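This document starts with one chain, in the form predicted on its own, laid out as structure tokens.
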């Protein structure tokens, strides 16, 4: 299972830079990120090479942050594969509450990072694997 670091960032100039500065000082490599506007604050979602160290580094700088369990799935970048993945999840009554993805070049390897409702209580990793997708470990995701 992979970890995503969620950071609440005040919505003002320079605040995002202070997050990246803290990660730089701790030699944390950001593998992927997404940010959502939530009014006065934004929610920054990070996939990093050392999630626990990143969490501690940001907590020490008084950032409100949390580590979330996620499912990182390798999905070949071809038409219909995302639909195949979402179909198998829906057919097994598995609820995706947050998701984002990216494609790695030159291998055209798609990566879907999914936050699953009650992930530990589901058999989502097994179902996804049986459908022919590769569920990435934290180390595999970090090494991409």
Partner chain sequence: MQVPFWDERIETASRGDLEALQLERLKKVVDSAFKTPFYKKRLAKAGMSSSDDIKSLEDLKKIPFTTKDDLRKSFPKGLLACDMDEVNRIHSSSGTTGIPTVIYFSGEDVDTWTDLVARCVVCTGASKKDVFQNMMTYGLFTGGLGLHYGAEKAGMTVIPVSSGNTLRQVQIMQDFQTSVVHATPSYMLHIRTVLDENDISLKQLNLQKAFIGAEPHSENVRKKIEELYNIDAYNSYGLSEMNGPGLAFECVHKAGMHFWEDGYIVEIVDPETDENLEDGEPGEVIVTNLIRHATPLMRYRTRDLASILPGQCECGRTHRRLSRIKGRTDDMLIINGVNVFPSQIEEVIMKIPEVGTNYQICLDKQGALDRLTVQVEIYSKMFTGSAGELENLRHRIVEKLKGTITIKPLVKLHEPGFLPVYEGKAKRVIDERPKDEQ
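Predicted model only: the values in this text are computed from it and were never measured. Positions refer to the first chain, counted from 1.
The protein also exists as the form predicted together with its partner chain; that form is not presented, and the subsequent description refers to it.
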Practice prompt. Name the single residue among 28, 57, 65, 89 that comes within 4.5 Å of its partner chain in the predicted bound form, judging by heavy atoms.
Written response: 65
Fill in: Contact at 108, 137 and 143 by its partner chain in the predicted bound form, all three, heavy atom at most 4.5 Å
no
Item to complete: Considering only heavy atoms, tell me if residue 41 and its partner chain come within 4.5 Å of each other in the predicted bound form.
Response: yes
Practice prompt. Would you check, heavy atoms only and a 4.5 Å threshold, whether residue 9 touches its partner chain in the predicted bound form?
Written response: yes
Worksheet item: Is there a heavy atom of residue 95 no more than 4.5 Å from a heavy atom of its partner chain in the predicted bound form?
Response: no
Worksheet item: For residue 52, is any heavy atom within 4.5 Å of its partner chain in the predicted bound form, or not?
Response: no
